[in-house]
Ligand code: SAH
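The chain below stands alone, shown as structure tokens; this is the form predicted on its own.
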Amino acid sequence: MDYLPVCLKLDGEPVLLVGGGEIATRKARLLHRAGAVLTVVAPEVSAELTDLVGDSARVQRTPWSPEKPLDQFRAVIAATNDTAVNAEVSQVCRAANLPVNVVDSPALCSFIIPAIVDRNPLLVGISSSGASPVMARRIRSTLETLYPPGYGAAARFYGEQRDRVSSEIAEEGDRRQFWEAIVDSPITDLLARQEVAEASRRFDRALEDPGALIHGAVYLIGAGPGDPDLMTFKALRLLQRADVVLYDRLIGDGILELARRDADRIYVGKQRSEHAMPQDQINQALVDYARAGKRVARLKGGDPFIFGRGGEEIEGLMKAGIDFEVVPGITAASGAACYGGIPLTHRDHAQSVRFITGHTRNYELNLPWAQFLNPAETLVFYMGLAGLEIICRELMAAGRAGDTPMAVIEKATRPDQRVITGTLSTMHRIVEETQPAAPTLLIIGSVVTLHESLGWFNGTSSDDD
């Protein structure tokens, strides 16, 4: 270990910053957040740095001089673009046993400043010991996605409860187990969402009865249309927390691999006339696992509330008194349209968009077809492949032109995505020839003509020529 990570308290403490340019300003922002009282020495000082320092008496627009007294400072930062000046600052400070940091010169530093994830009072520092700052920043970016800003509020709350817990739980081992259970419980999520009253109530109950911490929850997660990179930070964080994952058929390759390796994975997918688990059994399974103290990820393709039956599932959770969170996902229409180069709305083509279920019952599709005739409105049919012939026929019978452009997007946002284009009158024949497989999405409207110029995704396009 080249360095010992240490958190230095600088709130209200004097710190000398040598330099007044962009590099110095970046360091000044960080020191200002830590509450340091800065003195800046440089021939020229940026306006932002002057504002950060505040008192003009602490801005000395003069060159650095080794004769300046340093005993009043707790630390020194050298952030000039003059290597000789930086080396001299380091030499003087080391001789005075004063902590010194020289930007981008680890050999001249007695301490270094890591990349920081700031969830005050919770802080995470990532250091490469000066070898690769870019790698440290990359790791910080990853951690930023895993720990939301609200974790700082949770840490503050727990800090306020430490004395109380110490007085209630005498044994150190018992206290440690209590805190471990608390931090992993839904109380942390409640605090992160600023639901302090409910979090306090549960904390009080847990302190009286530690068994109350065995408390499951369900995360209804929209996994997006297929590409794992389209999942939200929150979706990824909750998925990696889950003990049990119930997942659909439409979950894209690679998404399930983001779950914890020790999590139980249960397939509950549905396809036409074949349900791995009926919906009522899915609803009950969510309740049962949560009541057993499990954290359950209900992983759904697209968005849970757009033809995803998410509303039915949370109704059951609410009736059972189970904690749950709903995480929106990028719905298939947005993902398919963007990756296929088909804007759902466009000033010259469509001023509105309508999402419609194309799911048939007994080979019938009863929809208000007469409402779908506006040529300035894009129609998007989910689950419409089996009923494609009905959809095309009924739209034309209602009055929509047979030459209306149409696209069938197969396996949207995935590496093997395919965009098949045609018209209302020709698409049924084209689909018979090209044989797309689910999942598919139908887009109808003049915006489909933009696919040829905007379709940047490396899929295969087929039309009616």
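A quick note: this is a predicted structure, and the numbers were derived from the prediction, not measured. Residues carry their position along the shown sequence, with the first being 1.
Below: the form predicted in complex with this ligand, not depicted.
Distance criterion of 4.5 Å from any heavy atom to this ligand in the predicted bound form singles out 308 from the list 341, 216, 308, 387.
Contact with this ligand in the predicted bound form, judged by any heavy atom within 4.5 Å, is made by just one of 324, 203, 247, 382: 382.
Taking non-hydrogen atoms only, residue 78 never approaches this ligand to within 4.5 angstroms in the predicted bound form. In the predicted bound form, no heavy atom of residue 18 sits within 4.5 Å of this ligand. Under a 4.5 angstroms non-hydrogen atom cutoff, this ligand in the predicted bound form has residue 332 among its neighbouring residues. Contact between residue 414 and this ligand in the predicted bound form is found at the 4.5 Å heavy atom cutoff.
This chain is displayed without this ligand, yet in the predicted bound form the stretch 294 to 302 from 228 to 236, 294 to 302, 176 to 184, 149 to 157 comes within 4.5 Å of it by heavy atoms. Contacts with this ligand in the predicted bound form, taken as any heavy atom within 4.5 Å, map to no residue of 84 to 101.
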